[in-house]
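The form predicted alone is given below as one chain in structure tokens.
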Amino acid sequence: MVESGRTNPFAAYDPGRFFCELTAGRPDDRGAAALLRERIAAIGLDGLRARARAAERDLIDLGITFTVYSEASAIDRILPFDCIPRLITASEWTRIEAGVRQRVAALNAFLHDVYHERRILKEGVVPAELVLGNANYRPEMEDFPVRFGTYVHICGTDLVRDEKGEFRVLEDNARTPSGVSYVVENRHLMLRAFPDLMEGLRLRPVDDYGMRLRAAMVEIAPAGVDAPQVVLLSPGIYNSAYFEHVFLAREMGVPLVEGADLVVDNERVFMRTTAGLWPVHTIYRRIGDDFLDPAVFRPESLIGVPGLIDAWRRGNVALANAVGTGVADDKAVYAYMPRIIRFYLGEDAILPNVETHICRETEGLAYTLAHLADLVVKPVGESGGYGITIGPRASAGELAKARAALLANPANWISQPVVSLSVGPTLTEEGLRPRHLDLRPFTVTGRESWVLPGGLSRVALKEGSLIVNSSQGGGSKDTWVLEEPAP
């Protein structure tokens, strides 16, 4: 039954056995969650719905969209926005921030090692064939130094929260992670549509992401350049994240370019302008390795820049993220991350992994096949929630198909237990209902790392669904990180 607009929106809200981001008792929120619930209740369901409709019109008017290509034709959609924010306390954020910075440091150390001395492979901590046989391993990066040893300049770390409220790392995104534009735009949307919810709450800001990103891009520019020219390289308007490319170029105050706008001359990169060629020193690229330089990778690429890799190797331009980072965010390599952190940093992982079984290993495959109905099985090379089989929710036919795929190519698969993902109150046609969430904090690294407070909270809008990806029908929430209380 649909609840009346005069009913307390939380009257029928029941998170069940799941950890709830807004109703679980957390003494360190200093009453912020209770205050937020009171304010939401004061607005009422009708008020929430009216403001949510206005916010959706805002998204459409502002062109805040992504593109879905899996249907009969490409369709631009707004990312569904849920108006009930997610709250993270200051102490929770301190742990998350330390954990993702630690992880990015280990990823960069790992990448430097595998493209240079390969100590971790020689000592057998990570199987050599897992790295050297990886489709994302780039021999062109061997013995090639990058400034400050930073390969992963922009990293999106996917976190989930279990039934005990503990954050765990689900995945690393070290190639061209997307979604940060929604973090900033969601905050702007809440400021416009729900200023009364924020009143008096001290939240950490997110508006300086563009400035921080540009500063890191300037830092990694070739040495000796007084005023480095930074550009954002996009595949163009048909890319699913094109809105984000436009947004980030604007936030950084740098030109948005496509491959045809750049030219390499005498091993240096230039941008075509109405006034002639203008030198370029740092490229934040949102194009995958394969299409980046047709002279090195796929010769049929029409969106890359011929000669770009050679100019980079000559030290005349910087690329972010570096080529070859995909070998570090492989789902099979993910399983070794606690060991990787220990190997390079001499520390235990601050944020634990989700338990992972590597099907390329005999023991991992045997366990997965024996417990297929209880596990989540994932292909190591896919993203966006594609190719996943969730055992407890799969039909007999789907399980049989997954079993056949595992036996045909074990190295392509990992498996994990089903994590009881935390939930947040989400506005639905029936009222406020619990929906599962994840969190993607974004880390920007030049000489040092900075983490955007909060990150992208993605929400599975379908009842019971664990798939939060936008391409699979997920939405997003604003993520509120509470400031430390004033002394």
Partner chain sequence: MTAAPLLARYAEGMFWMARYVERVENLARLIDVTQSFESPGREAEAWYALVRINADEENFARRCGAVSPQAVTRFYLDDTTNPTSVPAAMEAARTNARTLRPLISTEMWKQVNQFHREVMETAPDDLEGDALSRLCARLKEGIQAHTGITEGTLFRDQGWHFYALGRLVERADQTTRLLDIKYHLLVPRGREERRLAELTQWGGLLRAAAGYHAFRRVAAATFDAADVVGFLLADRSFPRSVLLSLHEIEHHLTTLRIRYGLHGTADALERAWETRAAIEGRSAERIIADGLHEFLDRVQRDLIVLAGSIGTAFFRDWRPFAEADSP
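Residue numbers count along the first chain shown, from 1. Quick caveat, the model's predicted, so the values are computed rather than measured.
What follows is about the form predicted in complex with its partner chain, which we do not show.
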TL;DR on 347 to 355, 251 to 259, 114 to 122, 397 to 405: the one with heavy atoms within 4.5 Å of its partner chain in the predicted bound form is 251 to 259
Partner-contacting position among 430, 46, 38, 58 - heavy atom within 4.5 Å of its partner chain in the predicted bound form: 58
Counting non-hydrogen atoms within 4.5 angstroms of its partner chain in the predicted bound form, say which of 300, 199, 265, 363 makes the cut. 265
Given that its partner chain is not shown alongside this chain, does residue 339 nevertheless sit within 4.5 Å of it in the predicted bound form, heavy atom to heavy atom? no
Given that its partner chain is not shown alongside this chain, does residue 223 nevertheless sit within 4.5 Å of it in the predicted bound form, heavy atom to heavy atom? no
Hey, in the predicted bound form, does residue 229 get a heavy atom within 4.5 angstroms of its partner chain? yes
Is there any non-hydrogen atom of residue 370 lying within 4.5 Å of its partner chain in the predicted bound form? no
Flag this candidate site as yes only if 95, 98 and 149 all have a heavy atom within 4.5 Å of its partner chain in the predicted bound form; otherwise mark no. no
